[in-house]
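Only one chain is included here, represented as structure tokens and corresponding to the form predicted alone.
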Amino acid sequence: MVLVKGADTEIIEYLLHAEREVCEVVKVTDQYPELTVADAYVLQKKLVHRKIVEGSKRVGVKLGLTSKAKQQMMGINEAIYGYLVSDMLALEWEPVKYDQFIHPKVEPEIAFLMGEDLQGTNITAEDVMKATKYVTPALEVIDSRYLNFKFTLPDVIADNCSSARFILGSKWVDPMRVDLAKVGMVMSKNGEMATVGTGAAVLGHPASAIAWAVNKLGMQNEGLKKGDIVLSGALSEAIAFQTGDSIIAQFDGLGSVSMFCK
């Protein structure tokens, strides 16, 4: 860590306070410009650990920046990952409350439910598919704690990749029965089409993105556990929403997932 002693605790408190108080803050790198990606992952892990100590449970992993367009925009050449905890799970039949967020956006994803443990540093997309029990449509609400949703790569990683909420569809499908790269998706807001995408937008194949994450976790002697939920990455750009908005994402062969905000 390049941070001075005690700065990690200060940064974690800073980000947790912003989330709890629903207030945006200036990015961490304004004060710590030397913060590296490796430092940021250490901070992320400590931040998530704090949530677990306070009563949440780790339920899985999420991928971010899985599209080549987003990576080029950020000037990077690989994805990022964060963790899912139990209090992020929202239910499709219950409205999401807008006042719990700062400046939320929603993006459509394919979620994987792991049927067995998966760990290593040479994991392939085929390994991921074999270890997956089901896939289902998902919506992820991202809500950066940073002012105007502006940040550097270390900032967003430290902030657990803007994680806020996720919603899973009710249809669970055997991943071997669907060509996930070719799955088409249409996301609508208030009955009007907002975005379209395909599974191939996620590093060519959603399982490839997950394999990348497993290999990265493997370097930290971590991996995926049986029962983990993994959000494989957005099939299209995220869209902003407000109180009263209704979102639905429909996926070929996988069904749909919806969200209402009040």
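The numbering used is simple: start at 1 and walk along the sequence shown. Owing to the predicted nature of the structure, the values given are computational and were not obtained by experimental measurement.
What follows is about the form predicted in complex with ligand 0L1, which we do not show.
Visitor: Answer with yes or no whether Cys161 is in contact with ligand 0L1 in the model of the complex, where contact means some heavy atom within 4.5 Å.
Guide: Output for Cys161 is yes: heavy atoms within 4.5 Å of ligand 0L1.
Visitor: Does any part of Gly64 reach within 4.5 Å of ligand 0L1 in the model of the complex? Heavy atoms only, please.
Guide: The answer is yes: Gly64 has a heavy atom within 4.5 Å of ligand 0L1.
Visitor: I'd like to know if Lys70 sits close to ligand 0L1 in the model of the complex, meaning any non-hydrogen atom pair within 4.5 angstroms.
Guide: Yes, Lys70 sits close enough to ligand 0L1 in the model of the complex that at least one of its heavy atoms falls within 4.5 Å.
Visitor: Counting only non-hydrogen atoms and a 4.5 angstroms cut-off, does Val156 reach ligand 0L1 in the model of the complex?
Guide: Yes, Val156 sits close enough to ligand 0L1 in the model of the complex that at least one of its heavy atoms falls within 4.5 Å.
Visitor: Counting only heavy atoms and a 4.5 Å cutoff, which of 91 to 99, 123 to 131, 147 to 155, 172 to 180 contacts ligand 0L1 in the model of the complex?
Guide: This holds for exactly one stretch, 147 to 155.
Visitor: Only one of Ile142, Ile167, Ala111, Met114 has a non-hydrogen atom within 4.5 angstroms of ligand 0L1 in the model of the complex; which is it?
Guide: Only one listed residue qualifies here, and that residue is Ile142.
Visitor: So which of Leu84, Ile80, Leu118, Met185 reaches within 4.5 angstroms of ligand 0L1 in the model of the complex, heavy atom to heavy atom?
Guide: Contact check passes for Ile80.
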